[in-house]
Ligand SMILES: Nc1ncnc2c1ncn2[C@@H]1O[C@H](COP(=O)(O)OP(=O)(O)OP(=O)(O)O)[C@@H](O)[C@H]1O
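In the block that follows, a single chain appears as structure tokens, in the form predicted alone.
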Amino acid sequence: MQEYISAIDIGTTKICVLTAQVTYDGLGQLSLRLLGEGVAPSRGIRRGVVVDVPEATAAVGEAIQKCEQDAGRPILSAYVGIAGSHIGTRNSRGVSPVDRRSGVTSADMQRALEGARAVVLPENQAVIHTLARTWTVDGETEVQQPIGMNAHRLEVDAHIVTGSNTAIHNLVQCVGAHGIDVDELVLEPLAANEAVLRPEERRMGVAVVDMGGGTSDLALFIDNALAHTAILDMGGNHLTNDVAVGLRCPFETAEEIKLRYGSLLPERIAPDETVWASVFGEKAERSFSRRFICDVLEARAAEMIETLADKLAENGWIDRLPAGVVLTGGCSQLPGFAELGRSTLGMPVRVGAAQSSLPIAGLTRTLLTPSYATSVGLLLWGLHEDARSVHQRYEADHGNSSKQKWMGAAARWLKALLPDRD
């Protein structure tokens, strides 16, 4: 079990590094205590992908240094978020024989996942995740947790997430240059799900959309399992760019205007309300109608929601999400996104952020906002992986009795921390 867990979220607009200490109480419950955080503006990143390694490496280093100074200790390894248009997904199946005397073990599950992972990929693609959707035990389908079941044959319906070797290498290089090992690359919407989704939403069927600066990352969960992922080529920078073009002002000015005065509900803005901004070619600031600015933002946001609707309509996903859509990420904080989503999609839509009830002590108010959902989620992902390794060691030390596997502290950790993940 790791004593410390760290997370590095490398986004298009910012880089966030968090480090926390693993703690446990007398009942065997694992949790985290936040020790430090470091945030720096992104450089050398475009649409979630490293495009300038030296610049990105330097920016990552700034965030790491701030976090290490805040925590008072070095970071040796970290869970690193990954996204971008290079991400691909597919479904696959794997099979493993089972010793009926011992029942299904975590080793059997791992062998089945390794079988599913053995897919033919394009030359420049590599597997990032092999995630179980459902299990089949001796022909009994849609099993969520097969451990301990008596069987001869175990099958898994898995979701494979792949990425460009080049993009993966560049990302790892930016982190490794600072002497930090990558514990695991984690698809960012999967990390965000850890922080913002409620268990009942995952059971019923829900989509989480992590709206970043360059891309929006979609993950669908049905019956407690990941059903589908996709990367949408749209994000907060598209909104900012529209304002910059409409006002003929610098991108940085447009971003400030968007954050201070932006809304996707222009009908609620007084017609005579004005905003002053510096524009190209003029020394003095000019005044603009705030409603005009919000009209521009609403038009682009409506296009983004319609693109999301088209993606959800593929393969009938939109009819399988009674819990609707949870928007998160910095872009989702623009006032009116949830209302626009509900009116366009015709389903529940809310804006999600990490909750103070999560097993992480010391989260600041800033970290409890949608902008940092992925960062906090990466810590939670690491905590769950820690719990899983504890369970595997417990299983190895205590033999193959399926009844005894779940009676110790490791079982309580696993059941408490992994109720909704395979």
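Numbers for residues come from their place in the sequence shown, where the first is 1. Bear in mind that the values here come from a model prediction, so they are computed numbers and not experimental data.
One more form of this protein should be noted, the form predicted together with the ligand, which is absent from this view; the next part is about it.
Visitor: Counting only non-hydrogen atoms, which stretch in 141 to 149, 71 to 79, 252 to 260, 88 to 96 is within 4.5 Å of the ligand in the predicted complex?
Guide: Of the options given, it is 252 to 260.
Visitor: Does Pro189 make contact with the ligand in the predicted complex, using a 4.5 Å heavy atom cut-off?
Guide: Contact check for Pro189: no, nothing within 4.5 Å of the ligand in the predicted complex.
Visitor: With the partner left out here, check for me: in the predicted complex, does some heavy atom of Gly236 sit within 4.5 Å of the ligand?
Guide: Because a heavy atom of Gly236 falls inside 4.5 Å of the ligand in the predicted complex, the answer is yes.
Visitor: Flag Met211 as yes or no: does it have a non-hydrogen atom within 4.5 angstroms of any non-hydrogen atom of the ligand in the predicted complex?
Guide: Yes - in the predicted complex, heavy atoms of Met211 and the ligand come within 4.5 Å of each other.
Visitor: Taking heavy atoms only, is Val175 within 4.5 angstroms of the ligand in the predicted complex?
Guide: No - in the predicted complex, heavy atoms of Val175 and the ligand never come within 4.5 Å of each other.
Visitor: Of Leu327, Val156, Leu334, Val196, which residue is found within 4.5 angstroms of the ligand in the predicted complex when only non-hydrogen atoms are counted?
Guide: It is Leu334 that has a heavy atom within 4.5 Å of the partner.
Visitor: Residue by residue through 34 to 49, which ones have a non-hydrogen atom no more than 4.5 angstroms from the ligand in the predicted complex?
Guide: Residue within 4.5 Å: Gly48, and no other.
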